[in-house]
Structure formats: C-alpha cells, structure tokens
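Take a look at this single chain in structure tokens; it is the form predicted alone.
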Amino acid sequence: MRNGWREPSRLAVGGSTLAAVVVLWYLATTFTQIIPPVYFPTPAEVLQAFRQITVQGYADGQLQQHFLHSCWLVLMGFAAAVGLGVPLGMLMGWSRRAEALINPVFLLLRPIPPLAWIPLAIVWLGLGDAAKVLVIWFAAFVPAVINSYAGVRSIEPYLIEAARSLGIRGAMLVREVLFPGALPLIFTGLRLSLQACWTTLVAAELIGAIVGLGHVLYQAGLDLFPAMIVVGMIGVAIAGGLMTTALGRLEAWSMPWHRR
C-alpha cells in the first residue's frame, strides 16, 4: 500500500482514465465530428492502420520490427550513457580535483542540444544505427552525470565521517555509503535520461532510418496518413512506458528502504 492506495485500485483508476479518454476521442471524432477526421483520425481508422502495419507492414517493416528496433537502439544508447555518466558524475561529486578537471569541458558540452549532434554523427558514422546510438548516448549522458553528481553532494558529511571512523575507505566507502546515498537522485537522472532517449530517437530516425517507430512517423507524415501517425505515437508511448515501468521495478528492488 502507498499513500492509502492499493495496487489494484491504482490500476482500476488508470484503466478508467484511459477508457474515458477513448470515449471522449470517439465522441469528438466519430459521433459529433467536432474534430474533423482530416485533422485527427477516428478510433476505427487508427485500428485499421494498426491492422495494416501489423499484418501487411508499413514503411518497410511490420509493427513488431519497428518496435523492437527502436527499443534496441534506446537500450544500447541508454546503457552506454549510464555506464559512463553515473561513475563520472559520482567522481565529480566526490573529488574536488576531478570536478575542477572535468567540469569545464562538461559545462561547454551540456548546453548543446542532442539533436545538434546528428549532422556530426552522420559525418562520423554514416546513416546507420551507430550514429543514432551516439546521439541517444549524448541525450542520456547529461542527465545521468548531473543527477549522479547531485546525489553524491546530497549525502550528509557526518555519514561519511562516521563511515571513516569505522575504517571504511576506498572502494568499500563507495559501495557502502556513496552509492546507496546517491541512488535516489541517480534514479531520478535515469528517468530523465530514458525520456531524453526516446525524444532523441524519434527525431534521429526521421533522417536516414530504414526501420523504426520514428521512420513510421516520418513516412506517415509524407503520406498524409494521420491514423498511422497516431499508431506510431502510441507505439512510442507504449515502448517508453514499458521501459519506465521496468526502471521503476529496478529502483524498488535496488532501494527496498524506500518502499512504503
């Protein structure tokens, strides 16, 4: 139970909200036609587009191919960003010397939007998946570094002194004190990083992609196919939601002391 809500109750409320949205969508586009179908598709048109991309395929692939390919690119970029960004942020938060050495370069790179790296990534790596992973990596890297840095700095100094008085130093200090203490803000950064990954991926796949949910959106835009655009958007929402849920499960497992 959390804040008086049981999990089944939360699921029921969430399901009711989604059902209400679908009903309002039907009323606005099909029943009353307040929103003309030329501007936004009806539920029936979206369902037909879903059947088309699932069975016949669209934009050089079926829905599951686009879905899995986009998820794979996001996972690769996200994992690379976490593997480098979290240790780097913790190092900067712990060591004044490391911060003085690394932070000036990081401050120069931080304001650059991830999408600004797309032309350079294409020059370096071509139009393949490697260029997209590089851009995704940069989008996820910055939030991971910032929140890991803030997580270490948020640890109360007396906790570190108490650990040192007990003879805890070096790798054990990092493992037993710094990392657990910084975890809440680290996971906040990971959530922001994951969101940035999907935003950047869809934009990156608009250029030079052969398969992927972003490619579906791009092709549907060229074809003036609003129903397929909505299918692509729903695909991105579902993929992002599944990954966010998995990250939340990992967070709950990693920090059992935060469960309520």
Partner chain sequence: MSNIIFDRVARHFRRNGVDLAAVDGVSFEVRKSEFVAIVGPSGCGKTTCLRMAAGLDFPTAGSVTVGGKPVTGPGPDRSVVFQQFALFPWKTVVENIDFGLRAARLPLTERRERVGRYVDLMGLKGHESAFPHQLSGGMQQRVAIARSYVLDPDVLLMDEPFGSLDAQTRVVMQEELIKLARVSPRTVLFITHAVEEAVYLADRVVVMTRRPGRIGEIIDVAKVRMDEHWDRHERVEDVMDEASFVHLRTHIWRLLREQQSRNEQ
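The model shown is predicted, which means the values in this text are computed figures rather than measured ones. Numbering follows the first chain given and starts at 1.
Form predicted together with its partner chain: not shown, discussed below.
Per the 4.5 Å heavy atom criterion, its partner chain in the model of the complex is contacted by stretch 152-160, the sole one of 74-82, 123-131, 152-160, 87-95. Proximity of residue 180 to its partner chain in the model of the complex falls within the 4.5 Å heavy atom cutoff.
Taking the partner from the other structure, its partner chain in the model of the complex has a heavy atom within 4.5 Å of a heavy atom of residue 257.
Shown alone here, residue 172 lies within 4.5 Å of its partner chain in the model of the complex, counting heavy atoms only. Taking the partner from elsewhere, residue 168 is found to have a heavy atom lying within 4.5 Å of its partner chain in the model of the complex.
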